[in-house]
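A single chain comes next, written as structure tokens; it is the form predicted on its own.
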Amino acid sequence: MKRRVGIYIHIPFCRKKCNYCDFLSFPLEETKPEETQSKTKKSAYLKALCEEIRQSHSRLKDCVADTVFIGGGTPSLLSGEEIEELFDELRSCIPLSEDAELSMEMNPGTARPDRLAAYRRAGINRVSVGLQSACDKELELLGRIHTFAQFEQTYAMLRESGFSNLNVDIMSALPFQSMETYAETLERVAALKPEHISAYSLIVEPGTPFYDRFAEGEGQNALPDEETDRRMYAYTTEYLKERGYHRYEISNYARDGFACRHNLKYWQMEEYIGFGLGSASYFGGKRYKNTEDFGTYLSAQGRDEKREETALAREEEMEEFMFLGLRTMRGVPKKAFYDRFGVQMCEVYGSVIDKYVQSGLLVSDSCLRLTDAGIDVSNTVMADFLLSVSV
């Protein structure tokens, strides 16, 4: 029986780097016919990406992919033909299951009807649209290249093109954001009835324009305080629950049957292969990481000597299994822990589990999972699992 894996493909290009973004991405202007520099850069990257996929054939010969996720950056900067060629290359390397979830990220400022039709022909059946806010002032502050009206147009185009599995990304705890403006964003998005909503709380990351402006000094006062941030999170959960969305991971909500299967692979420590600049893989008990240097990636042309490789020790694998699983509302099944490691969870983490069950931050039955109070301080709880293994 073939091993079922997920595939991640990284497209690092975007039209404009957002002010909060610390992802591995950089601007690439879409060009007129006479402007060839950006086209050449994109073509060179896609050539190297396809070569990396081709060279993975022997490694994946006993596998079948049941999820594919194209992320970035802004994958929707690619033309329909480029996406079709990319999927042709992928299918020649590894078979895709008949029920495969094939996802792609999209920026509303780059959507075109002709491209959407080609994406459908390539097999894309799930699109994740980066909205972030329904307030145009907030979008401008974030450095987004679209308005809310453009998002609505993109959403309508996706539905008209036949996409029946859509996610919308939104953000809370933005600078100058109030409870009222966040609630308006949530309500306007929910009214569109997407199948999935990802609601993330802003983290001001070093190296971003937001960090220089809001991480220190008076700028910090522009960020909602911790209590407001928690109110936004609680409101999100309750509001979406009333409208048929279940929270299945700390920041993700879905209608029945529409949880993101690819992301669940990460949280359940299932195997996945990453292609492209800076992409990560977990396969055969090892983690792999591609170079983040663009020139080095192009010169490697898929050769794996530019790829970092780390074999996880048993203790490290236990830590990740707990840390990632606790992000989900299901939590970590105790049987799955025993089946994987041959030891009972309580033998490894008994004192930590007792501590947080007694304080009301964890529930322990057939699974170990965070309570609502535990989610509020999830990083603190998870850190204890990362530091406590001694087997």
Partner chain sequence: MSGIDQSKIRNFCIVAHIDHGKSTLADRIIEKTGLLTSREMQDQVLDNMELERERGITIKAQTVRTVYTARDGQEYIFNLIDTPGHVDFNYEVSRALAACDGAILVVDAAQGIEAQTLANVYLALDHDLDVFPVINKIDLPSAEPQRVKDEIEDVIGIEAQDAPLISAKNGIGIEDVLEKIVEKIPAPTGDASAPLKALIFDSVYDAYKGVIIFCRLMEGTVQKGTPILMMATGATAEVVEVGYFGAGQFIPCEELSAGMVGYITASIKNVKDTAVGDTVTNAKNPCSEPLPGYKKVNSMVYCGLYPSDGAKYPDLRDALEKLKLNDAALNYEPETSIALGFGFRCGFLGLLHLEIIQERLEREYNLDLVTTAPGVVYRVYKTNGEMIELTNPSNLPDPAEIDYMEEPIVSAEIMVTKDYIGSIMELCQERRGVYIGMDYMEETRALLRYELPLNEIIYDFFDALKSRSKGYASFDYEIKGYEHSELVKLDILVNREEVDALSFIVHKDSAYERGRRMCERLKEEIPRHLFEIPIQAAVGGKIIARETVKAMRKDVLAKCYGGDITRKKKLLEKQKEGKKRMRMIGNVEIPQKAFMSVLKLDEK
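Residue numbers count along the first chain shown, from 1. From a predicted model like this one, the values you see are computed outputs, not experimental measurements.
The next section is about a form of this same protein that is not shown, the form predicted in complex with its partner chain.
- Using a 4.5 angstroms heavy atom cutoff to its partner chain in the predicted complex, all of 169, 201 and 280 count as contacting.
- When its partner chain is considered in the predicted complex, only one residue from 89, 293, 205, 152 comes within 4.5 Å through any heavy atom, namely 205.
- Residue in contact with its partner chain in the predicted complex (any heavy atom within 4.5 Å), chosen from 287, 159, 303, 213: 287.
- Residues of just one listed stretch (213-221, 95-103, 138-146, 227-235) have heavy atoms within 4.5 Å of its partner chain in the predicted complex: 227-235.
- Mapping the unseen interface onto this chain, residue 375 counts among the residues with a heavy atom inside 4.5 Å of its partner chain in the predicted complex.
- In the predicted complex, its partner chain lies farther than 4.5 Å from every heavy atom of residue 343.
- Proximity of residue 194 to its partner chain in the predicted complex: non-hydrogen atoms within 4.5 Å are absent; the residue sits far from the partner.
- Its partner chain is not shown here, and in the predicted complex it never comes within 4.5 Å of any heavy atom of residue 175.
- Along 367-384, residues 375, 376, 377, 378, 379, 380, 382, 383, 384 each place a heavy atom within 4.5 Å of its partner chain in the predicted complex.
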